[in-house]
Every structure is written in structure tokens, then in C-alpha cells.
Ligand code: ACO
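First, one chain by itself: the form predicted alone, in C-alpha cells.
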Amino acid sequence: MKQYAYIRTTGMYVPETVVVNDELAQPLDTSDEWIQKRSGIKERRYADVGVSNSDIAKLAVENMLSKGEIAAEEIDCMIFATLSPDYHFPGTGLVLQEKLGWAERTIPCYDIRQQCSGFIYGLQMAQAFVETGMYKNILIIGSEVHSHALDYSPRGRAVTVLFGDGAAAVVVSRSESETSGILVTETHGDGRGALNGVHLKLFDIGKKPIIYYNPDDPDNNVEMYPEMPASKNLFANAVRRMAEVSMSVLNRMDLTVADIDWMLPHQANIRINTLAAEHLGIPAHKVMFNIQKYGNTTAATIPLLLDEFAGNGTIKRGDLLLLSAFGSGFTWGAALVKY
């Protein structure tokens, strides 16, 4: 009998510390008006010093498990999507596994690094693993602690205002029913964008040693922080690619935008998402946003949307969801999910 993959349950965690735009205005030489006009962001969450990515990921998983939809013992695979790992290596998935107390179960842990598209990539992997019978219940985590690695000077303004910390988790499980399921996923990559989008060269294996800088010298420490080249092509590329891949997954299922109940786009910039939806012809009231509260949490944005809006009853079982993302690398993808 054919096996189907569906999203069984979700969970999330965001740090308690709220950082509003005005708190960044003075160090970054900016303003609340400038940030909101540029991105739609009003505030974001920051993790405390000493809190690691795996720490907030653990809290998101525990929140998910507390809902009682699945037991920890049922999970037989983990996929951890992030661009802000605890360490260069080993992978943060293994660190999280140990912190959850699951190490003795020796379940496999995949770490993937597709930045803002990480959750879509992870969803595609989970769908394939479940539908081929390899695993039954796959935990996907999207989790980021950006705030510890941002440049809080005017030089870092364009990047620092955008990012926040947060984590979210979903379990993709096996089902023999078509009533809900991951209908189709599609992902792409274009390495020509590797250094033309947001990137961080702190670990450069071409150097010996790989880290060589004076952290007190502003001219020498630039590689400590994420960089984002000024380019209108980046914005346009994001709009075009998200619209293209979204239309592609609809066409593959012989569906139209009229069939979509909700669009859950990656929360990078409210203008990108608005334009992508307009290109697709999706009404604004069907497009979900929480960027104004959390900023860009990279791999966590789409599962944060899922948990928040399923939790408050907006997303209901049986709704058709369009998930879409574009990220540095360049990477992008989309998925159609019958929730």
C-alpha cells in the first residue's frame, strides 16, 4: 500500500527578550521608520548570552511534544536546518539529540545548510524518506541564533536590522490516507549567488589558519560578521524565483492559485512576499506574515508560521498550503501541503 507523508504536529519557541526597532536606532544609525519601510519588521527576539542554537531548538521540540500528538520514542530520524550552528562541527543535530536525552537511541541526525530555504529542503528530504519507507516519523527543526553574530555598528545596519532568533519543529509521519499530506516539493540552487547574497566568511578553509583577524580592528574584522552586497538583483531574484517555483508546484498538481487556502512564504522581507503573491495572483488576505514580530529567523520562519497559525485555529486540517522560500546561496523551493 502506498505510503503518504504528512505534517503530524508542530511546535515553536522564541526567546523572551523583545528588541524593538528603536533599540537598534542609535548603534546602527537608523530609525524605526527606516526599518519598517525597508522590511516590515517592528521587533525581533534575541537569545541571552550563553544560550546556544541547540538550547532554543530543544525548547521548540519540547513544546511540540507537550501537545501529545507524538511521543519522543516514536521519532526515528532528525533533520536540523540552520545557518547558525552551535559549532563549525560536529552538527547541531547531534548536540540537540544529546540534550534531549535521545543519544542512546542512536537515531540518525542530518544537518543541512540551505539558509532561508532550509525548511523546504528538509521537508523534501522527509517526504522522500517517509514515502520510500526508510523512516516513519521524522523530526525537522528550523532554528537560528543570529543575534550573537551580528555587527552592531552602522557598517552592519543592512543585515542586523533584519534578523531575529527563534526555533520551530515539525514531525513528518507516515500515513496510508490521502486526506492530508505533502503533495509535492521542489527545490533549486544556483551557486552563482554564493557570495552575492547574505554570507559569512568567518570559517574560510582556503586560509591557514582558517580564522585570522584582529577583532578590535574594524578594517580587519569584517569577516566576523554576515555581509550582504547591495544589489537590486537580489530583491528581484527572490521575487521571481519564489513566484516561479510556486507556480511550478501548482502546475505539477494541476492546481491553480484559486485552490490555495494559505500562502506561507519565508519571512525575509514583507515587500518581497507581497510582490511574489501579486505575481502569482494570490489575494493579500491569504498570505501569512509574522515578520513584524520575529524578524527573519531564516530556517525557522515557515515552521513558526505553521505552528502559530495552526495553533490559533487559522490553519485547519484539510487546508491547502503553499510554502515558498528563497535564500542565500542562492537556494529556493516550494511545497504544496494538504494540512
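Numbers for residues come from their place in the sequence shown, where the first is 1. Because the structure is a prediction, the values reported are computed rather than measured.
Another form, the form predicted together with acetyl coenzyme *A, is not on view; read the next lines as being about it.
Visitor: Are all three of Glu73, Gln127 and Tyr135 close to acetyl coenzyme *A in the model of the complex, meaning a heavy atom of each within 4.5 Å?
Guide: The answer is no: none of the three residues contacts the partner (heavy atom, 4.5 Å cut-off).
Visitor: Counting non-hydrogen atoms within 4.5 angstroms of acetyl coenzyme *A in the model of the complex, say which of Ala268, Val172, Leu264, Ile79 makes the cut.
Guide: Contact with acetyl coenzyme *A in the model of the complex is made by Ala268 alone.
Visitor: Note which of Val145, Ile260, Val161, Ile182 lies within 4.5 Å of acetyl coenzyme *A in the model of the complex, where distance is taken over heavy atoms; exactly one does.
Guide: Checked against the cut-off, the match is Val161.
Visitor: Would Ser328 sit within 4.5 Å of acetyl coenzyme *A in the model of the complex, counting heavy atoms only?
Guide: Result yes; Ser328 sits at the interface with acetyl coenzyme *A in the model of the complex.
Visitor: Consider Met228 of the chain shown here, and say whether it contacts acetyl coenzyme *A in the model of the complex, taking contact as heavy atoms within 4.5 Å.
Guide: Yes, Met228 is a contact residue.
Visitor: At the 4.5 Å heavy atom threshold, is Arg38 in contact with acetyl coenzyme *A in the model of the complex?
Guide: Result yes; Arg38 sits at the interface with acetyl coenzyme *A in the model of the complex.
Visitor: Taking acetyl coenzyme *A as it sits in the model of the complex, is Ala168 near enough to touch it, meaning that at least one heavy atom pair lies within 4.5 angstroms?
Guide: No - in the model of the complex, heavy atoms of Ala168 and acetyl coenzyme *A never come within 4.5 Å of each other.
Visitor: Counting only heavy atoms and a 4.5 Å cutoff, which of 61-69, 28-36, 300-308, 273-281 contacts acetyl coenzyme *A in the model of the complex?
Guide: Going through the listed ranges, the match is 28-36.
Visitor: For the stretch 61-85, which residues lie within 4.5 Å of acetyl coenzyme *A in the model of the complex by non-hydrogen atom distance?
Guide: Only a single residue, Leu83, comes within 4.5 Å of the partner.
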